[in-house]
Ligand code: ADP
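Given as structure tokens, the chain that follows is alone and in the form predicted alone.
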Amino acid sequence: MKTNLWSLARFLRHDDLSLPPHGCLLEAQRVSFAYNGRPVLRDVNLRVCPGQMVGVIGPNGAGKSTLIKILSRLLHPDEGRVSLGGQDLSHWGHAQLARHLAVVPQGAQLPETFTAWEVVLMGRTPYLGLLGSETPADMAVARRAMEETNTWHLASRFIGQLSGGERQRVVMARALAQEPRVLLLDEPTLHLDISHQLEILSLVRRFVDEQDLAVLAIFHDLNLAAQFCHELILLSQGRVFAQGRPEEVITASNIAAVYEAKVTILPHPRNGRPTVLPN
């Protein structure tokens, strides 16, 4: 494991988060949820382990964003249980949860009169005491997060002056500044061009591989999901339709059944991962 600010902080600050016997940090067990009586998620089971990037795919309305909200405790499941470190999410206080789990939401609302630096520093809030202020160590972590996400040059810019892609990268930096053990991403490449898509996803995958970060990410792009994830979960009408390695989940028959689209699946010429081509 590479030693840096994140790995050091993990050992110093996350000693209250232990691995359950199955070795996975985040777990959903038979989770179901409905909006006003309309079922959105039905009997969903999943686990996300350290050093693993799990992608959630599926058509619009499949329940992907609702799943993220339940896993981050913005919503409570009607049935089932979500646990972090073997403890029900209700066990964790707000600041305590934020030290372990960070979320990059879709279309995050940011204060336009704040600078990018001020927004990223918000990621240090869970570590500050009542009326506390950031220490030099906090600022060092925030700066490193901005450097890693290629946003340090935006530090003095107001959020209202940034493009959609720049804002998305600032939100990613804020999440990394929390030094989380678990990262939830709701379409993390939204508003990004292909260059920044690859930059952000490569960064996330590097933290997964080198820092044992546990990541669950929602993807709209099946090819990006196949390239960067260890495991995929395909949702259809709120249920898990398929789950496993990308080559097991992204098949022509699965895509036809869930997306109602005819596609050709070819192995990527460099790594053999499935590549989706429309017929």
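Computed from a predicted structure; not experimentally measured. One-based numbering along the sequence shown.
Missing here is the form predicted in complex with the named molecule; even so, the following discussion is about that form.
Heavy atoms within 4.5 Å of the named molecule in the predicted bound form are found in one stretch of 240-248, 45-53, 207-215, 64-72, which is 64-72. When the named molecule is considered in the predicted bound form, Asn60 lines it closely, a heavy atom lying within 4.5 Å.
The named molecule is not drawn, but in the predicted bound form it has no heavy atom within 4.5 Å of Ala28. Under a 4.5 angstroms non-hydrogen atom cutoff, the named molecule in the predicted bound form has Val40 among its neighbouring residues. Taking a 4.5 Å heavy atom cutoff to the named molecule in the predicted bound form, none of the residues in 224-242 make contact.
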